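For reference, the chain that follows is the form predicted alone, supplied as structure tokens.
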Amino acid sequence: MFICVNWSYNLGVFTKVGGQMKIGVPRALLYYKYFPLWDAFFSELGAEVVLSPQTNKRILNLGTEAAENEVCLPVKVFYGHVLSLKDKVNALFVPRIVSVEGGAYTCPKFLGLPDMIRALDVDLPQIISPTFDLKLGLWEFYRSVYELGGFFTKNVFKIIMAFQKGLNKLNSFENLLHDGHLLNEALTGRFSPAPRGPLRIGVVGHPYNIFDSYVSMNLIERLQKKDIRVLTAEMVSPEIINEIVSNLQKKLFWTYEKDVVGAVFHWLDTRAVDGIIYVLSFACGPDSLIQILIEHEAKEKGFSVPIMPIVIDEHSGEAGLVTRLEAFTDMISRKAVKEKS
């Protein structure tokens, strides 16, 4: 991933607490993709990384009250995590994610996130908001790494080593995912045996919707308690995803949505799952378009694997989720029995 940093603050303005700078990282949005890199990089340069708590009712309420009604649930959750950190740290790390691969972009909410946070009508600590943009090239990438590291030290070698350690941590984390471990297990290092039941369900969507247990209402845990093996998009290698999406009629310009589409069609092609659950946020434009694309392509190609969308927002209730999961899992169980008989 390439990084270009456009500094919108003055270096050296933070005061240290207890002799060590405290950098707050909200446990939301792209925390679920890049936290091992950020954590190792900042820690290696002497900062204390302060992570917000797991999402809970208080954090969701804070975010819902602070955000505009029109923004999607993940952004409201991010607001809540920012507000839960504001009195505990010297600075907040809120990067601007524009592009992480050539010819593709991230969701617009990642482009405007630092501006949205600064616009909150509350007193916040200083915000570190580097701009991640692959299009600006390798030279800008290395210069920006030095600039970011220079916030803590002027030792170029130390900055390079810190970033390399971060990349190593990120690679190890991604290797665990590709080996079949769930993302939340790879982040915490606490692994549980996979269920041994006969059914496999693919759960796709943005990781901040799926692996935030409060937001997803413990979706994965509910499936595992039924002895169902859960597969996620993170388990599919980038090479497979790129090969699959390259055969679509039109190119996808959203990186993270491309991962969803690639994983779904890989499972359908290989018959790796008995059913698919797509978790998407209400008011998320890219999510809605990708849902239509998946359903249309699956129908055109004659795939018979059941696909169930679950739309979430701050008003979603557990009762409705439980009822739909019961109906869906019962349906695919009967289907599996019928196909074997």
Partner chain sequence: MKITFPHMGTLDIILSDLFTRLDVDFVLPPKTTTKAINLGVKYAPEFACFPLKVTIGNLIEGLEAGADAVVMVGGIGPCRFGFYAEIQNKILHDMGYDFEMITLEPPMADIKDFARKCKKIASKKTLWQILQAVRIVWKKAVAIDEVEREVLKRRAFEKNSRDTTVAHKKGLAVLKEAITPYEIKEAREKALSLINEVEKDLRRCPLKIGIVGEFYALLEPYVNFDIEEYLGQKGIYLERAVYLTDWMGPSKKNSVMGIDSDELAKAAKPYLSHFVGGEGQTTVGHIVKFAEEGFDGVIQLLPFTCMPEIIAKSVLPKICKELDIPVLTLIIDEQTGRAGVITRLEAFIDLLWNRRKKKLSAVGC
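Quick caveat, the model's predicted, so the values are computed rather than measured. Numbering follows the first chain given and starts at 1.
From this point on, the text means the form predicted together with its partner chain, which you will not see here.
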Flag Leu289 as yes or no: does it have a non-hydrogen atom within 4.5 angstroms of any non-hydrogen atom of its partner chain in the predicted bound form? yes
Arg96: heavy atom within 4.5 Å of its partner chain in the predicted bound form? yes
Give a yes/no on whether Leu183 approaches its partner chain to within 4.5 Å in the predicted bound form, heavy atoms considered. no
4.5 Å heavy atom contact, Asn90 and its partner chain in the predicted bound form: no
Quick check for you: of 194 to 202, 149 to 157, 100 to 108, 209 to 217, which stretch puts a non-hydrogen atom within 4.5 Å of its partner chain in the predicted bound form? 100 to 108
Is it the case that Glu65, Pro74 and Arg271 all touch its partner chain in the predicted bound form, with a non-hydrogen atom of each within 4.5 angstroms? no
Work out which of Ser84, Thr131, Thr232, Ser144 lies within 4.5 Å of its partner chain in the predicted bound form, going by heavy atoms. Thr131
Would you mind picking the one in Ile244, Ile228, Met116, Leu187 that has a heavy atom within 4.5 Å of its partner chain in the predicted bound form? Met116
Taking heavy atoms and a 4.5 Å limit, what residues of 227 to 252 are near its partner chain in the predicted bound form? Gln249, Lys250, Lys251, Leu252
